[in-house]
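This document opens with one chain alone, in structure tokens, the form predicted alone.
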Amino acid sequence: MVRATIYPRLRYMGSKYKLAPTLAGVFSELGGESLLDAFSGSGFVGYLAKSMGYAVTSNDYLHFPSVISSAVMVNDSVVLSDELIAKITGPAADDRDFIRRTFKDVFFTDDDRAFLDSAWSHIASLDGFERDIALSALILSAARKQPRGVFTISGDLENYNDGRRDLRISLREHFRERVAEYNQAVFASAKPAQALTGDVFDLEKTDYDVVYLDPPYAPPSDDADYTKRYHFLEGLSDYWIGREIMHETKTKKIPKKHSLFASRFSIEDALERTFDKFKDAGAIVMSYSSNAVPDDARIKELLGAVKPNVEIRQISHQYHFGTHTTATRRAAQEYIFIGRD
């Protein structure tokens, strides 16, 4: 648990960093050797599980979370050298300018966008964990520099500027600091780990000792669309190669990856299918919120269909909408469902 506190924090919708002590307690109680983090998001829970001695498999339907998980959850020993950091933050290796052109007057300053292109000109020649760490640092840099940490807002964002240092320093400075954080987070484990990108329903192995589920929380209205909020980070993870860009949109979004978990109309079916898929696991643990649908009684009923012993633990939690000082905060109950045979 102590090691998990140094994990580089990505301001991510639904991040479980503040719930780490509770989750660590649940995992310790359940025991076992293998754990699946089926909706890895920021990668924190998988990293926490690794620090507790689990053989961890992480998965997410977006690509950039898998890059992050590979960098510090799968990776046991590789760090970026001072020489390589200096190279990435130095002169560009080629004249690419895709980010600077495409996102002009959308995200960041000309200099910051030029740095992202320049950094990628070096990262493109890397492979393995060096590439993963460099990309993770670049992704975290962009997320920290963007007001509120989401990419649904663009243009003149001065009204979101609360003076935080993250908004003042350049992306080049961010990158150097974020690499140092990721380098520090790398540690060796005796257990194997892997990071996957794909739909939870396509996962082949299902009989983990512990399956941890943190799906999008379907709101009573609208949807929980992660692609819309983090499309820039998703594109940055592979330099938009082979991706369609919706140039008619203000923020140059990429097409939404539809998720059955994100809508109130399909969430119950999605949960029922997921619970059934992992019925052979030793235990199913799921995080959910009282702000979302369905309610705790219905989820207990669905999980109880495959795991007869279902316990619900509640933690008072405040959800922060944005990262600025005047961000809206909504009190809620965070549920942890624990299903066992």
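The structure displayed is predicted, hence computed values, not measured ones. The numbering used is simple: start at 1 and walk along the sequence shown.
Not on display, but discussed next: the form predicted together with a small molecule.
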| item | value |
| --- | --- |
| Stretch from 306-314, 276-284, 32-40, 289-297 whose residues place a heavy atom within 4.5 Å of the small molecule in the predicted complex | 32-40 |
| Selected contact from 271, 179, 200, 135, since only one has a non-hydrogen atom within 4.5 angstroms of the small molecule in the predicted complex | 200 |
| Close approach of residue 302 to the small molecule in the predicted complex, 4.5 Å, heavy atom | no |
| Partner contact for residue 118 in the predicted complex: the small molecule, 4.5 angstroms, heavy atom | no |
| Touches the small molecule in the predicted complex: residue 333 (any heavy atom, 4.5 Å) | no |
| Partner proximity in the predicted complex: residue 68 to the small molecule, non-hydrogen atom cutoff 4.5 Å | no |
| Triple contact flag 45, 59 and 226 to the small molecule in the predicted complex, non-hydrogen atom at 4.5 angstroms | yes |
